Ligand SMILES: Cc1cc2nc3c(=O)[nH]c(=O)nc-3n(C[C@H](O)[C@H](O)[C@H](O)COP(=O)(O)O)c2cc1C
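Next comes just one chain, in structure tokens: the form predicted alone.
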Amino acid sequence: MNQKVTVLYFSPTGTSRTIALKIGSVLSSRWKCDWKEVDLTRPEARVKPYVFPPEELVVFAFPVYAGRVPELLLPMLSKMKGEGGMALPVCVYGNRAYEDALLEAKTLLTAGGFQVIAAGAFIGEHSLSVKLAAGRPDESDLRIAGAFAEQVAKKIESGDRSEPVVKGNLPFRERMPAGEPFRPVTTEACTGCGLCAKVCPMGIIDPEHPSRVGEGCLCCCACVKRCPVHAKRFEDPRILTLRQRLETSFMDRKEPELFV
């Protein structure tokens, strides 16, 4: 097949990236084609417009934020053009629910000129917890992602371009209202390595003084989970209460949902 594959992802803690790369690698291996990886996690990657030719299949993976596509991706998605090419949206959520996020992604991609060929909802370790969906995506998730990619490839090879019916509601659920800004605190364990500044998707951590965190935190916990000395954490009682509720109510293992 004269098919090209691009794997596009926003993935502060790496879970969406893991699923996206698995799907992309299986597709490219089956079709014996080159594929490219586009990381949208850092602010500078979300500024330029992206235009994909008709022969491109775009795998778009993202984490679910309160049942929706992350709001910071909307300006970039509004400028992204598919020119009739195919898209495969994949959301990753922390074992609670993905609600309208996948349908919203499908709607946005269709508006940008893509043919949405399939969609999937996968589970990743919750950003606020190390217990909720701990270690996921795991080997089982990756096997399912690989089989999903094979199923999508067969559909495309058969000439079937039908759109999948994806779970979600219209109108989409209301976004969480903006409240007082949350910020992680930095403990004395910090070595000043600056890794937290490099992985922050908002670019609000001072690389020279990592304890200085500006406004606009997503609570994605990239800085918390990727700090090599565990020097970042959230201490706000509202975050701690939410984490406790999640770890009390949503520990039963959920499985990926696929739409082809």
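Just so it is clear, the model here is predicted, and its values are computed rather than measured. Residues carry their position along the shown sequence, with the first being 1.
Omitted from view is the form predicted in complex with the ligand, to which the following refers.
Engineer: Is residue 51 part of the interface with the ligand in the predicted bound form - any heavy atom within 4.5 Å?
Structural biologist: Residue 51 lies outside the contact set for the ligand.
Engineer: Please run the contact check for residue 92 against the ligand in the predicted bound form: heavy atoms, 4.5 angstroms, yes or no?
Structural biologist: Residue 92: contacts the ligand in the predicted bound form.
Engineer: Report yes if any heavy atom of residue 96 sits within 4.5 Å of a heavy atom of the ligand in the predicted bound form; otherwise report no.
Structural biologist: Residue-level check for residue 96: yes, a contact with the ligand.
Engineer: Does at least one non-hydrogen atom of residue 35 fall within 4.5 angstroms of the ligand in the predicted bound form?
Structural biologist: Residue 35: no, not in contact with the ligand in the predicted bound form.
Engineer: Since the chain is shown here on its own, which stretch among 164-172, 126-134, 141-149, 111-119 would lie within 4.5 Å of the ligand in the predicted bound form, judged by heavy atoms?
Structural biologist: Careful reading of the contacts points to 126-134.
Engineer: With the ligand left out of view, choose which of 40, 58, 220, 26 has a non-hydrogen atom within 4.5 angstroms of it in the predicted bound form.
Structural biologist: Comparing distances to the ligand in the predicted bound form, the residue within 4.5 Å is 220.
Engineer: Even though the chain is shown alone, can you say which residues of 63-86 have a heavy atom within 4.5 Å of the ligand in the predicted bound form?
Structural biologist: Going through 63-86 in order - heavy atoms within 4.5 Å of the ligand in the predicted bound form - the hits are 63, 64, 65, 66, 67.
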